[in-house]
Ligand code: PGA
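First, one chain by itself: the form predicted alone, in structure tokens.
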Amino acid sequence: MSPIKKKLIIGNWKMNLTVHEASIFVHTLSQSIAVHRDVEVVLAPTLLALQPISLQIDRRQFKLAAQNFYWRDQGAFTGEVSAAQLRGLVEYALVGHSERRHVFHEHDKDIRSKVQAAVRNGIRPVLCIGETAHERSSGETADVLHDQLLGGLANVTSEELGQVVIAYEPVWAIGTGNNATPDDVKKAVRAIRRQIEHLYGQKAANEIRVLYGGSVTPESAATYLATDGIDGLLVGGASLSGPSFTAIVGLAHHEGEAA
């Protein structure tokens, strides 16, 4: 009997909620989100809240993710936190999120170094890739995904790839309310898996987990979860609403049951 392939739902809280508010919110979520064998629920609070929340959660119910970290393990880097320091606190870490790329101007060399740092410290990197509105209108989506995958995975071996998660998040759909259609997502995921196959082989392309992120709501989640090749969701704004996030996790469970 083959093992259950869990849907992965990650809630990215971004720069929201104080430590106290985050603790209260986690308590609320713990009362409303059931533990499902077919769904893995991951919370990505701000760095300040990670440590207290790590002591509060039931790890069977929630895992934690870092929103960001520096690629060196230690040293004279004032204000930074390393993947080595996050070991034991988080199971996942976001890398290459569009806001890191476009607001903080992180380049492929930074992103591939972070992917490598996460892997060597036993943390699963969630490599975020996606095109801007201009790149999309210019017909460059496949090229952008190719380049960002190649750049982000440059230092990852075939043996390490199983630790990596890919999140397709079209920049034009993040926080804009402009939802990508199932056809948009299907084409992008096909391009992602084709590139993984080229780099690592067919088995790796089939097995790697690919998420969708970009204005995900309870109303749109079921459609994305049912899209061929999608293994879960990276949820932004809706993850800050208890009822909305609970509903999305519930939809992932129902989709898993139907699979």
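Each residue number is its position in the shown sequence, starting from 1. The structure displayed is predicted, hence computed values, not measured ones.
Here the subject shifts to the form predicted in complex with 2-phosphoglycolic acid (PGA), a form of this protein not shown in this document.
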| task | Using the partner position in the predicted bound form, report whether Gly88 sits within 4.5 Å of 2-phosphoglycolic acid (PGA), counting heavy atoms only. | result | no
| query | Just to confirm, Gly162 within 4.5 Å of 2-phosphoglycolic acid (PGA) in the predicted bound form by heavy atoms? | reply | no
| Quick one: is Glu131 in contact with 2-phosphoglycolic acid (PGA) in the predicted bound form, heavy atoms, 4.5 Å cut-off? | no
| query | Might Val216 be said to contact 2-phosphoglycolic acid (PGA) in the predicted bound form, defining contact as any heavy atom within 4.5 Å? | reply | yes
| 2-phosphoglycolic acid (PGA): the contacting residue among Ile166, Ala117, Ala173, Leu145 in the predicted bound form [heavy atom, 4.5 Å] | Ala173
| Of the listed stretches (35-43, 208-216, 192-200, 223-231), which one has a non-hydrogen atom within 4.5 Å of 2-phosphoglycolic acid (PGA) in the predicted bound form? | 208-216
| From first to last in sequence, which residues of 230-248 have any non-hydrogen atom within 4.5 angstroms of 2-phosphoglycolic acid (PGA) in the predicted bound form? | Leu234, Val235, Gly236, Gly237
